[in-house]
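The chain below stands alone and is given in structure tokens; this is the form predicted on its own.
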């Protein structure tokens, strides 16, 4: 039997500011009913990291966040959910957690736990573990972090790393990120803005699982020929650009996790407050006619392989038409 390897995200933290930056990244990954365990020797920076994470989530950079070494539990409110910060260093037996009112405090909260091993089996296996290490040779402020996703957190961490990977490879990792309203698909988008004002798009399109069979023993996505990942998007985009057509340049993509950084074309559309822009509709129709007149390949090169364009057949047309009534 093959064992599942928990994904690990490693980060070098040469300064306290870098540790705070990592806390901002983790803040976007966690929420209510999540468990974050912090491990590392005394002085490794567990409380420093927890303090930065709590301040980020509460939106208060000056929030007083004392170490819970003696109180064992500290509880903070955020606009979305409470945060429980626990230090179990003084806990001798997991049964002591009940006396602390652990279950009541943790319900619906984000739980940050230092010295989590003292809780034994009382903590869920679905967790994000953040291990911090020092290195005296690199300076007093230097830390190294290893973030591991366990259980349900594994997929979330993989997704996070997919986004970070394409942002770093495309040179957009320092950009401000703003959520944009999505389209009619399952994709989501973020507007990326650099300090210079330059903009790009982060497309978020994780692989979609098949739904239940709806016709011919097949799911809707298979009959309608919906893309199950971003490979078709990348292949067709590159093929359109090869035809000297205006498709967005893809600065970086991750086919496995479904992230891509795309050229930004602005906000002007084919319709506005006064109705459709008929000139743009006419240009789009003319472009479709040009494509139909060309001898185009049925298979497209992509990432060392090929993508075969599926036919838009009668079954696909009919199941799409059935959406209308």
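Numbering follows the first chain given and starts at 1. Bear in mind that the values here come from a model prediction, so they are computed numbers and not experimental data.
What comes next is about the form predicted in complex with adenosine-5'-diphosphate, which does not appear here.
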Closest heavy atom of residue 16 to adenosine-5'-diphosphate in the predicted bound form, within 4.5 Å or not?
-> yes
With the partner left out of view, is residue 210 within 4.5 angstroms of adenosine-5'-diphosphate in the predicted bound form by any non-hydrogen atom?
-> no
Taking 4.5 angstroms as the cut-off for heavy atoms, does residue 45 touch adenosine-5'-diphosphate in the predicted bound form?
-> yes
Verify the contact flag for residue 141: yes if a non-hydrogen atom of it lies within 4.5 Å of a non-hydrogen atom of adenosine-5'-diphosphate in the predicted bound form, no if not.
-> yes
Please name which of the stretches 94 to 102, 201 to 209, 71 to 79, 141 to 149 has residues with heavy atoms lying within 4.5 Å of adenosine-5'-diphosphate in the predicted bound form.
-> 141 to 149
Students should find that, of 298, 41, 62, 268, the residue having a non-hydrogen atom no more than 4.5 angstroms from adenosine-5'-diphosphate in the predicted bound form is 41
